[in-house]
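Only one chain is shown below, in structure tokens, and it's the form predicted on its own.
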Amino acid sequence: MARTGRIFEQLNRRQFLASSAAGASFMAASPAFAQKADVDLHLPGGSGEREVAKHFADKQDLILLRNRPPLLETPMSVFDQGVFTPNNKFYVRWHLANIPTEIDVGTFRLKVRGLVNTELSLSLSELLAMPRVEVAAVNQCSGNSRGFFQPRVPGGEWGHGAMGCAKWTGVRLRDILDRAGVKPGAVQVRFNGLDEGAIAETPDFVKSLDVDHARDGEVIVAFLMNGAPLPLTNGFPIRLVVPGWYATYWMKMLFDIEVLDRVDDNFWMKTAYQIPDTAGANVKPGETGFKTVPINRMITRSFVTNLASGQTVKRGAPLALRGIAMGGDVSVAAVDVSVDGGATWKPTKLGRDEGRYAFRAWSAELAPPKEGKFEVMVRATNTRKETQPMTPIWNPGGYMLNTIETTSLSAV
């Protein structure tokens, strides 16, 4: 308790950006590729050129999609360094433009209200004194990989790097709700963060979970990320962690919890972040009239991390492959690779199991390739026996892409 208390004391009125000059840069609304591009995400629809962000004090060399509100993507090479994404390399996604640039940890309070016996106003010291838990979990934007949708859809044109995995330390949301005492008739629990819209008409960004999910003991209010206080850009001082669900529910800078006696019908639950209520959230381009539901659990994905499309490898030498996989809301069961278009598959060796919600490393050694171009495909299967599809899905929100990834290489 004392050591963590000192950590927060040192971060009193923590600065979001390195200087006022950097703050001005953060507030700029210029497009990410207004200057010479540093990277190219090679998106099929074009417009994949990006700058590398240099003006965020708690981040290092992330790919800039937008300044305000900030969208910063993790380079795929980072995921080859281990299953846990370093805090300064962890992607950033905010919804509303006005974000506090500093937090006074001495005066900060988490409010709990609504259909409860006792309303709470908890200080960080009180949260730190509660029983702690830790969970290893992937945080992934609902629109991760949206830039690969064809036909293209509106929204942030992410590559594959709007995701990361960390060890999250905090307190069970259930313990906080139990301290307040949830009354009979509670239906959902709503969460609000400190970010605000640039204009009054902007709907406040709030998200809700069913009360049984909120009290399942796995959802936590986190104050540490990989053993350190959260970066401000990732939600300092506390954020919600909803293991196995998309990041839209992982409220950053959480300051308000409200227990509702109804299903939340706010814009971000009823209108935004809706997916087709179909297998794989898949519909035909242009299709209308389908039923939708709020996006929810994540699904199986896998990637090659030590090689990128367009690279050359040595012909006649064994080909070493490495990568990561996720099972969604359950564990990874297997990862397989193919070099013949999916006609045959070879199992890979799985790395250490860090928990059902974490990335799982995998590795394989393939036979020496012959000279010329070839493709490596990778697919993951989870313990629910869900396997990545060969055919790309499509929906108008650009959500939940999990097609089998193909890496194009040349042997010379």
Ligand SMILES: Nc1nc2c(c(=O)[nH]1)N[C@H]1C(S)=C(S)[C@@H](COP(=O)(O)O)O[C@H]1N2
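Given the structure is predicted, the values throughout are model-derived calculations rather than measurements. Numbering starts at 1 and follows the sequence shown.
If you look for the form predicted together with the named molecule, you will not find it shown, but the lines that follow are about it.
- Remark: none of the three candidate residues (A53, F79 and K89) comes within 4.5 Å of the named molecule in the predicted complex, counting heavy atoms only.
- Proximity to the named molecule in the predicted complex, defined as a heavy atom within 4.5 Å, holds among R190, H160, K252, R172 only for K252.
- With the partner omitted from this view, the residue of A186, I295, L127, C141 that lies near the named molecule in the predicted complex is C141 [heavy atom within 4.5 Å].
- The candidate stretches are 193-201, 109-117, 177-185, 79-87, and the one lying within 4.5 Å of the named molecule in the predicted complex by heavy atoms is 193-201.
- In the predicted complex, the named molecule stays beyond 4.5 Å of every heavy atom belonging to S145.
- In the predicted complex, the named molecule lies farther than 4.5 Å from every heavy atom of F149.
- When contacts are judged by a 4.5 Å heavy atom cut-off, W94 counts as touching the named molecule in the predicted complex.
- With a 4.5 Å cutoff on heavy atoms, R215 does not count as touching the named molecule in the predicted complex; it lies far away.
- Counting a residue when any of its non-hydrogen atoms is within 4.5 Å of the named molecule in the predicted complex, the hits in 216-242 run T233, N234, R239.
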